[in-house]
Each structure stands twice: as structure tokens, then as C-alpha cells.
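Presented as C-alpha cells, the chain that follows is alone, the form predicted alone.
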């Protein structure tokens, strides 16, 4: 019998999603004659059974497009917003899967999508996932599609900020996405020649950051670029976070402990103000925000998304389910979804990128 699959994109939009949809779809159609149904707006579209036919005509011309033709959302199957309440809609999703006579559901997403996909697998569905996120923090894959494009955008932004920092003898604090992992800020900081790089994995001392900037000033360099991941924490903030997490594990204190989370942008603005006071130099924050997720995917992301998509189609044809298609060198690897879900690939403090940055004089504020 002819196989039939569903495909959806979930979480934040990422360059390369359309290339991945095309890679899965064209390989399924041309090599295996597999029928494909797209679900709009992530798991919500699957719950509401809002579909889109993915035939040859629909898949044509989308390789270079940013975003996702299917639309996306951050809704979770087991916590779906419904009339002001969070409702478990897993049974409805399972029913729609079977109503569409699907043999497999392909989910394109990051860490949250991996967890949601695993829940659907545990509910009895055949699942395959592909790793996308500009944060590059999905476990057990060399890289994720979307990362290379965002890396280029963030690097270009730092390149442009150098001229204004130099001209006005200023500190430019540029906030880069990455609330759990610092891959993007680290890579862009190195490639863009940042003088200070602050990432979640290495808590910083603002005094040490200021001293690095003052040291540059004493050497005749009265400007600095500080690349900061949105999730970077000072040592004091890190300690508070650890204490709060420990208290929340105590059920007796769970309801009484309430520590508001710092808004990323406000944290960056505060850092800029502190550095201005400590160094005597003007400091200007720049928040790149969603610019990093938009636009045409890079050649590297198109290539990665296409080959992972094609590999997913091969797995579907062979009825190998319950896996994430991971990048592994120049090939791909089917990794059990249960080994990926709930895991975060963070930057090891002794990673080669960190060592290289330290080698050229970059300060991590530690």
C-alpha cells in the first residue's frame, strides 16, 4: 500500500525549514511515491486538522525562502491554549493522525519540539524529527539547520558595529540570541572580532569585563565590542538562579518561592549601564532580536536541510521510526528520539572555540 505521511514545523521560525520540507517531500514523491500532507501552524494545526497538500508544484521554488510555508507555533500537544485554559489535546491529535491515514508524522523543530514529538510517540504514533534552531543546542547532532544563517547575520552585525564603536570611542554591547546555549554568540563573537564574549555556560564578573575594556583603552584602543548571549548571567545572577532552582525542588517551598525572571533585554541594558559607569566610556546596547531568524537561508543551511530531509524520507520508506535525523559529519545518523528529548547541547567551557577565543585575547569575564 502507498505510504502517507504528515509534516509540520514547530517552535520559532528558522532559515532552512522550507529547504527541509522540500528535501523530505521531493524525495518521498520522486523516490518512493509517498503521499504527503502538511499541517499548518505546528501541533495546533494537527489538533485542528488544518492541512495543506504538499505536491510537486507546492514544493517547487521554496528552497531559497526563509520562514516556513506551513506556518508555525509554540503550542504543545499536552498544554494547548483553549479558551483561556491549557488543555491536553493529545487524544485529538492521535485521532487526526489516524483520520488522515498517516504512516508517520515528521516534526521539524528544536528542543521543545523533540519533547513534544516524544510524547506523541509514547501515545502510539510513528514519529521522525529533524533538528532546526539558530541556537544549535539540540543534542546528538553535529549542527542544526538555521544556525549557519543566523551566525552569518550576527557576524555581519558585529562587523558593522565596529565602525561606529571605533569612530565614537564607545562600548557596543550587542545581544545575540541563545538563552540556554552560547553557540551563536560565541561563533559570531569570534568571527566578528568581539573583544568580550559572554555566554550562559561561563558566568561573568562585570568588574572583570570592565577591566578587560580598560586594559584595551590603556593600550590605545578606546572602544570595545561586547557580544553577549541573551541568556548570559553574571556570577551573582547564576548563584541566585541555582539557589532558586534548589528551593523549587523542595515541595514545601514550591508555592512560596517566587523570583521574577530578568527580561533579556533589560539585562543587556543593565550591563551596558554598568560598563559605562565602571569604564568611563559611553556604552550603547544593540539588540539584534528576530533579525537573526529571518531572510534567505545560507547555502550551508540549504545543503544541510536538504540532505537531512532526504535521509528522513529514506527512513520513512524503510519504516524506521522514533528517531531524529542527526547531522554526522557529511552523512546523517538516526538517533533514538528518547535520547534527544529533554537534552541541551551547551558549550563546554574547554571547547576548542573557547580556547581559540582566549588565545586571541578575548575576555569571557571570568
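What you are looking at is a predicted structure, and each value in this text was computed from that prediction instead of being measured. Residue numbers count along the first chain shown, from 1.
If you look for the form predicted together with 6-O-phosphono-beta-D-fructofuranose (F6P), you will not find it shown, but the lines that follow are about it.
- Within this chain, residue 182 is remote from the site of 6-O-phosphono-beta-D-fructofuranose (F6P) in the model of the complex, having no heavy atom within 4.5 Å.
- When contacts are judged by a 4.5 Å heavy atom cut-off, residue 149 does not count as touching 6-O-phosphono-beta-D-fructofuranose (F6P) in the model of the complex.
- The shortest heavy atom separation between residue 267 and 6-O-phosphono-beta-D-fructofuranose (F6P) in the model of the complex exceeds 4.5 Å.
- None of the heavy atoms of residue 109 is located within 4.5 Å of 6-O-phosphono-beta-D-fructofuranose (F6P) in the model of the complex.
- Note on the interface: of 78 to 86, 151 to 159, 285 to 293, 198 to 206, the segment with non-hydrogen atoms within 4.5 angstroms of 6-O-phosphono-beta-D-fructofuranose (F6P) in the model of the complex is 285 to 293.
- Of the candidates 228, 134, 138, 171, 134 is the one whose heavy atoms come within 4.5 Å of 6-O-phosphono-beta-D-fructofuranose (F6P) in the model of the complex; the others do not.
- Note on contacts: among 166, 74, 247, 98, the single residue with a heavy atom within 4.5 Å of 6-O-phosphono-beta-D-fructofuranose (F6P) in the model of the complex is 74.
- Shown here without 6-O-phosphono-beta-D-fructofuranose (F6P), the chain has 177, 178, 179 in 168 to 202 lying with a heavy atom within 4.5 Å of that partner in the model of the complex.
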